[in-house]
Structures are given as C-alpha cells and as structure tokens.
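Heads up, the chain below is alone and in the form predicted alone; it's given as structure tokens.
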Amino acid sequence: MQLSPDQVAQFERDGYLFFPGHFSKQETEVLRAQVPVVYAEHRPEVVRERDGTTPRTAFAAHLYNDAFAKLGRHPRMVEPVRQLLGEDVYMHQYKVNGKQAFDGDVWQWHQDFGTWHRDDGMPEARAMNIAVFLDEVNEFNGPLYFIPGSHREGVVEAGHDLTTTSYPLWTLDNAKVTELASRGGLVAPKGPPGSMLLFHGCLVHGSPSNMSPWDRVIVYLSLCALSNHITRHKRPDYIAHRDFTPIATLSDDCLLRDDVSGLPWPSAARAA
C-alpha cells in the first residue's frame, strides 16, 4: 500500500490519516476472535483498569498470538509508515487497547512521542502509530480525540500523571490543550470495524471513558525508523521493545490464510 501525494500532504498538514473500512469484515473477525483470548492471559503484558479486572490494554500481543503477529507484519500497516519515514521500521510498541462497555477509563491528553522521548530515549519523532478498529467506533464508546496540526508543535511540556488511571502517562495541562484546540479544533474519527488510522507521534490526542453498552477495541502498532531506535531501557521490554530487527511483511491476504504464520516474530525466527 502506497500513499498518494495528496495523502502525504494531508498527513503533513493534519498529522493523521483515516481509512474507513480498510480491512474486510472477514479479516477483522479473525482479529476480534483473539481479543478475549489475549485479555484472559494473566501476564504482566495485560494491564487492567483500577478495578483490577477490566482489561485496559495488552502489550506485545504480536509475540504470543499468531493473528496479532500477522497484523504486525501486514503490508497495509507497515508500508505507509515505511513510506513516510523513508526507511525500514521496527516495532517499538504493540497494544491491544480496550474501552470495555461501561468500565473503560479515560486516556488523558498526551503525545506518544513525549513518552517515547522522555522514558525510552527515542532521539527524534521518527516514529508513529498505525491502528485498526476491531469494533465500531462511535461518539458514545470512547473515540479518539485528535487536535489536527498539533504535531507541528513538537514536544510539548507535560507532567507525569501517576494517579488518574491505572497506567502512568505524560499528560498535557488544560491550558495547553485549550490553546492548541483553539487553533486546530477537535476531531474524533469514527467508523466501522476494520477502519485504519495513521497518526504522527507528536499529535496531541486522548479519549474519554466508555459509558456506553458497546465495547471499543483498537489495535495500535507503534513503528519506529531503524536509525531512530531507543537508547534508554527504563521500561519493561514488552512496553518499549529492544529488538530493532526490521519488520518483514507478509502477503496482503495473510490474515485469511492458515498456511501463513506470524510467529515466531521475525527476530526470533532469525535467531533460531
């Protein structure tokens, strides 16, 4: 998958691209079927909400689940990022983020690169997120909020919030969010399962709690340019990966093929 010149210009202007229904219903169902399997795991990679029960996010699912490993090597996910960064990429982080019906908590306003830079020693903002909706995302079940153009601010001053949710985050204060939103406005991309989002590591974003009766699960790949790999190993390696092997993509129909495997992850396969 290659982005058109107009799409590249839009990304540079707004900091994100949205592709509604980019993966088929059949492809999405392959992944959706694995969400309860991953969330049932009792391992440190699965972070739960403050109630200690409700899944909040599952890190590094590409290392222990074959379907999610295939998604991590899918050309529709990897090639647009590779194109924008101009070089091969590795998996910096992989998350299956859930906003469970009624109990899914807020993600405060933040920039992902702010955390990658402060906590992981990532040198430059040459990394970004590409994500797939596994459920319909609507105005009720905790959609992502973006401030278009906020990526052009670079790294914004942030405080380390250790108390609001079960997961620590470098967050922006209300005054800064108000200032940015007064210039760029707010958008909340919504769409059916299989929709794909691509957004810059410095784009300011967050999401409200899910008070609706509908789950909202989104899978995020955080891909980083090989030349920009992290230099600090402060966080667990399942959160900030220390394996800088370039991602080798699979066939475009890999999610629907039983004869194609995503595991072992390419670096493990090479070592073996």
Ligand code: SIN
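Please read all numbers here as calculations on a predicted model, not as lab measurements. Don't overthink the numbering: it's just position in the shown sequence, from 1.
Although it is not shown, the form predicted in complex with the ligand is what the next lines describe.
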{"item": "Proximity to the ligand in the predicted bound form (heavy atom, within 4.5 Å), stretch among 189-197, 76-84, 176-184, 107-115", "value": "107-115"}
{"item": "Residue 205: touches the ligand in the predicted bound form, heavy atom cutoff 4.5 angstroms", "value": "yes"}
{"item": "Close approach of residue 220 to the ligand in the predicted bound form, 4.5 Å, heavy atom", "value": "yes"}
{"item": "Residue 100 within 4.5 Å of the ligand in the predicted bound form, heavy atoms", "value": "no"}
{"item": "Interface membership of residue 216, the ligand in the predicted bound form, 4.5 Å heavy atom rule", "value": "yes"}
{"item": "Heavy atom within 4.5 Å of the ligand in the predicted bound form - the one residue of 91, 158, 147, 144 that qualifies", "value": "144"}
